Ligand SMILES: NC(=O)c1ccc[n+]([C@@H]2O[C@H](COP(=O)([O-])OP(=O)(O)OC[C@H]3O[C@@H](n4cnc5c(N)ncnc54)[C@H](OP(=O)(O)O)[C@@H]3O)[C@@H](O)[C@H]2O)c1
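What follows is a single chain, given as structure tokens, in the form predicted alone.
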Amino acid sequence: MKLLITGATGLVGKELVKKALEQGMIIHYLTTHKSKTKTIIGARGFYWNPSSQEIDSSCFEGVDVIVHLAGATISKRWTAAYKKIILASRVDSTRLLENALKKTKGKNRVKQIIGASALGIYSNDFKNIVTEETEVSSNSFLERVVIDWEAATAVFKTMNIKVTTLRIGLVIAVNGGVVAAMKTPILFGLGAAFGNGSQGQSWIHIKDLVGIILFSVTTKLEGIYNAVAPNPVSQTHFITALAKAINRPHILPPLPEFIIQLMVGEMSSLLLDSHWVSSKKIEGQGFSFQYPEINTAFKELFKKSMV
């Protein structure tokens, strides 16, 4: 099995490459830096530039499955200019893959694309558990971005390519993502929830996320799936569990909503919105989570270190 991975040098991509190589898969990856085409040991890199729609089409040679993880971080202030970058990094990169595959039609054997997506497609909801069948609408910036992102990926169906879309929750990993952002203030006794702290946090351990991606590859899974652990928790519970895992107290009250909005503006939705998301569909396909509970997941992350 040969995979072509975008975002291979990111938090999830690095773990995916490592695990896929361990399983004997052959890895091609795309990078926007020509100097990084030889930086991943055991894998072969190729240059692309989604903003100029440039790609080394030899990246598709022998590839069975594309895993498309690339996209600019959303954890950066949402100026008008940066919002365009957030959208373009997802949609334009997907269209570049589409157009490049069309140009190599008959010369490639790609049968599946696994596209990253996000829970931001779901509306802010403090009460209801949402599923892949929940109706979505473009009422917010993030909802519009994810809807357009998924639509760009869905086009591959017209090319007789299976499409797997993974709506990914908060990824917990020891050296990045939400844990890295929250850990530092907690270490200094300054950890606090945002708003009232009751918002749902649908999370997933990085090993389980990589597991879902590779499960999608080996089972040729098709359709939209929530990539979240079976047991979402409130934000207060999430921060308390993280503090416990690194042996720090969590005693500060939640920060008021209006302060967060003053500090980061529209981006405050990342901290204040609530998503209680179901994992039943992926479990129904036979996937079994290693870390279904938040306390167990954090314990595994920090088992080798106090912090």
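These numbers come from a predicted model, not from an experiment. Note that residue numbering begins at 1 and tracks the sequence as displayed.
As for the form predicted together with the named molecule, it is not shown, yet the points below apply to it.
Partner proximity in the predicted bound form, defined as non-hydrogen atoms within 4.5 angstroms of the named molecule, places exactly one of 29-37, 54-62, 260-268, 234-242 at the interface: 29-37.
At a distance of at most 4.5 angstroms from the named molecule in the predicted bound form, all three residues L11, A72 and A116 contribute at least one non-hydrogen atom. Although the partner is absent from this view, V171 contacts the named molecule in the predicted bound form, with a non-hydrogen atom inside 4.5 angstroms. Although the partner is absent here, Y122 is not a contact residue: none of its heavy atoms lies within 4.5 angstroms of the named molecule in the predicted bound form. Contact between T164 and the named molecule in the predicted bound form is not found at the 4.5 Å heavy atom cutoff. The named molecule in the predicted bound form is approached by I85, whose closest heavy atom lies within 4.5 angstroms of it. Shown without its partner, this chain lists S89, Q199, N108, S216 as candidates; in the predicted bound form, only S89 has a non-hydrogen atom within 4.5 angstroms of the named molecule.
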